[in-house]
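Just the one chain here, laid out as structure tokens, in the form predicted alone.
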Amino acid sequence: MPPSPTTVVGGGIAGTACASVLAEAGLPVRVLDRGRRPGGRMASRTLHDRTVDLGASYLTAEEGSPFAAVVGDWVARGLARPWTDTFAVAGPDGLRSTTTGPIRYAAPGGLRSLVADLATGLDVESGRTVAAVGAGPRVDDEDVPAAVLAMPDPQARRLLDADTAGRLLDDRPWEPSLAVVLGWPERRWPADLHGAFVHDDPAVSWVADDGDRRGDGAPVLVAHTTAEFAAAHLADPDAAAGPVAAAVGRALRIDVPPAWTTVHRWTYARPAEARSEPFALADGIGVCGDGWSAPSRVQAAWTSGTALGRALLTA
């Protein structure tokens, strides 16, 4: 029997970046993901005949960084596009001002398409739920050269024995969020909105103009809730649609309710505080993701997975 490959558990951008480093070096590697296709929290879903981004809203790339070269390649091939550097600031009383920052990039095919591009040529097994990763290392009942857990800390901790989890992870909390998609027959907000940070609202913290983000002008907004509001609605996320729609209506002065809504629950949306270290590795078991390489963002997840892959090559 041929030896088992290095096994990456989690098919988000961190896991696929880690696996890509190993595959490019000629090492046997596979990615096991419980979802139907790679993407993780860079999730996109087809709703009303179009793709909607439900997880990460955009990505940024620090100038001169290795990730900037990856993003530049995506842009050159039409997989990503510069979106905007300006967002609105809103509150329960409506739009207040604008704020400018780095260029945010979006993907016409949804951010999940970028993870799928990274996964091209990799051995990816979707719909595979892993029960345990332990000393050896072992993934379920199989000995492997190395195992990588590319996922939020609480999910990784459930797969690891207490001793290994204690060596690799600490007890820092992760925050939940709900992504609420709101669709109208026609646009009812400013054409140059792009997105809005919502302050002083108990339900909503951020709203993205998905039609503007994707470039097709569809009258669709995606609202992301506060952690406190999400925690109160994790057991029944669909009940959040009404209060979130009302909050978005107040913030953007939309006086007509949406024609349809969809709610997606993220129990572990983001770390309350990311680590500055790029990853953790002990006895052939590594963990990586956006909880590392602070601040938490898409670039951090890619950087974390890439760094862990390189460390495994020299381990």
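Please read all numbers here as calculations on a predicted model, not as lab measurements. Quick note: we count residues from 1 along the sequence shown, nothing fancier.
Keep in mind that the form predicted in complex with a small molecule is missing from the display, and what follows is about it.
I need to confirm a contact call. Of V70, A56, V248, A280, which residue comes within 4.5 Å of the small molecule in the predicted complex, counting heavy atoms only?
Going through each option in turn, the one that passes is A56.
Of the options S97, T100, T129, T120, which one has a non-hydrogen atom that comes within 4.5 Å of the small molecule in the predicted complex?
That would be T129.
G35, M42 and A269: each with a heavy atom within 4.5 Å of the small molecule in the predicted complex?
Yes: G35, M42 and A269 each sit within 4.5 Å of the small molecule in the predicted complex.
Using a 4.5 Å heavy atom cut-off, which stretch among 255-263, 57-65, 272-280, 44-52 contacts the small molecule in the predicted complex?
Selected range: 57-65.
May I ask you to check whether L159 falls inside a 4.5 Å heavy atom distance of the small molecule in the predicted complex?
Yes.
At 4.5 Å between heavy atoms, is T164 in contact with the small molecule in the predicted complex?
Because no heavy atom of T164 falls inside 4.5 Å of the small molecule in the predicted complex, the answer is no.
Examine Q155 and determine whether its closest non-hydrogen atom to the small molecule in the predicted complex is within 4.5 angstroms.
Looking in the predicted complex, residue contacts with the small molecule include Q155, since a heavy atom lies within 4.5 Å.
Given that the partner is absent here, does L114 sit within 4.5 Å of the small molecule in the predicted complex, heavy atoms only?
No - in the predicted complex, heavy atoms of L114 and the small molecule never come within 4.5 Å of each other.
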